[in-house]
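Next up: just one chain, as structure tokens, the form predicted alone.
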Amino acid sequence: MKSYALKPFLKYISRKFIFLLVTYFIAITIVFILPRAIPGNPLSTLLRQIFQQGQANPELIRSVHKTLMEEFGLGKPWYEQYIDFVTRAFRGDFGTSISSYPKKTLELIIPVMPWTLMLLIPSIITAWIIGNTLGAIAGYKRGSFTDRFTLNFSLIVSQIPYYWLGMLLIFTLSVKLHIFPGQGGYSQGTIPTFTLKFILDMLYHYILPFLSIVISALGGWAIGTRVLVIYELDADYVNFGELLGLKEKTVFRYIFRNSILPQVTGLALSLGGALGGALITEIIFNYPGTGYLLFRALSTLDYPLIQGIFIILIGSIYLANFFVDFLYALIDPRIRLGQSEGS
């Protein structure tokens, strides 16, 4: 990168990074507030587990409850809990799980995180590639049967919720046709191992959750790219290229390249919504990812586990957004050079 462009580029990245830190701080504050807004006693499940063997002395129950309140810091004023929570969060310490006491929160999250990432990242990238390609072809062939079919199909699938499509796939391809399994990440009784048999079994269970996310997401990408391509068709370079007699494929390649830049930013912005859809999909398919773990944590009011899951997922999304912004600034010089003009 040339020296005259380095300063505005660093300025652009610095602004993005500061914005990321501020929004992350706001996000973890919301994560702290929301679980405590849910009515109920977070220690009730743990107390039932401790005293499940017969009846206990009420005095003993109160004593144990007081000890647990001190251990989890729930007896402190809310502002002290908040300061302790933020301090621990930036250290990567999310405390001990209430529902799975005495296990640490990270011990529960780390084993299931790869399952969520394995479902989320490939499905979103696949939907992005297919959706943008279909939208670009439809926009370039504006008014044709391909355009009308792609537009109508995209409008329909873009409005289908993840959970409804997931249930529809289970009903048709699993319950009725018995083609794919309807739940789980692998067959019951199977021990996860790095063997070909287990990998094939895992992929067999992976198809329906993967399809539910891809189909729901690709419609929006196709519609957006179609609009961008139609806008580019009236650009001067397109008319000039056609007058020069360039091949249709060459003109299309230039149009597609210029139209895809805003969709790169859109990919980063869509990660949050895609993550929510992936979590819901995991619950519907009983998939062993963070969505199923989060559902269990919410049902038992496990504050540390809820907070730990959201902090890690939000942090991952923000880092992905920052990485995409970094790539976007490298790809499009107008972004980084525009910082010096606006200064």
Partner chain sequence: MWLAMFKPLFKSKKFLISILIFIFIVLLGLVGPILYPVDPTSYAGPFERPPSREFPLGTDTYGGDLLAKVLNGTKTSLYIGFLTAVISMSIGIIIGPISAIKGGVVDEILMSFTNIVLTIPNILLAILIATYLKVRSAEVIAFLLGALGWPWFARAVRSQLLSLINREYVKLSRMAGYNDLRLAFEDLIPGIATYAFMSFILFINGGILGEAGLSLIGLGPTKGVSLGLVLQWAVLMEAVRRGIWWWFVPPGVIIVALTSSLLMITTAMDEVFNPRLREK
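All values derive from a computational prediction rather than experimental measurement. Positions refer to the first chain, counted from 1. Rigid core here is just the name for the largest C-alpha set that superposes within 1.5 Å across the two forms.
Although not depicted, the form predicted together with the partner chain is the subject of the following passage.
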Single option in Phe90, Trp164, Phe145, Trp78 placed near the partner chain in the predicted bound form, where near means a heavy atom within 4.5 Å: Trp164
Interface residue in the predicted bound form among Leu196, Ile83, Leu155, Leu203, criterion: non-hydrogen atom within 4.5 angstroms of the partner chain: Leu155
In the predicted bound form, Ile306 touching the partner chain (heavy atom, 4.5 Å): yes
Distance check, Leu20 to the partner chain in the predicted bound form, heavy atom within 4.5 Å: yes
The partner chain contact in the predicted bound form: Gly182, any heavy atom under 4.5 Å: yes
Exercise: Met69 in contact with the partner chain in the predicted bound form, heavy atom 4.5 Å: no
Heavy atom contact within 4.5 Å of the partner chain in the predicted bound form, the stretch among 127 to 135, 93 to 101, 108 to 116, 171 to 179: 171 to 179
The partner chain in the predicted bound form - contacting residues of 282 to 300, heavy atom within 4.5 Å: Ile283, Ile284, Phe285, Asn286, Leu294, Phe295, Leu298
Core-aligned CA displacement of Phe85 at least 2 Å between this form and the one not shown: yes
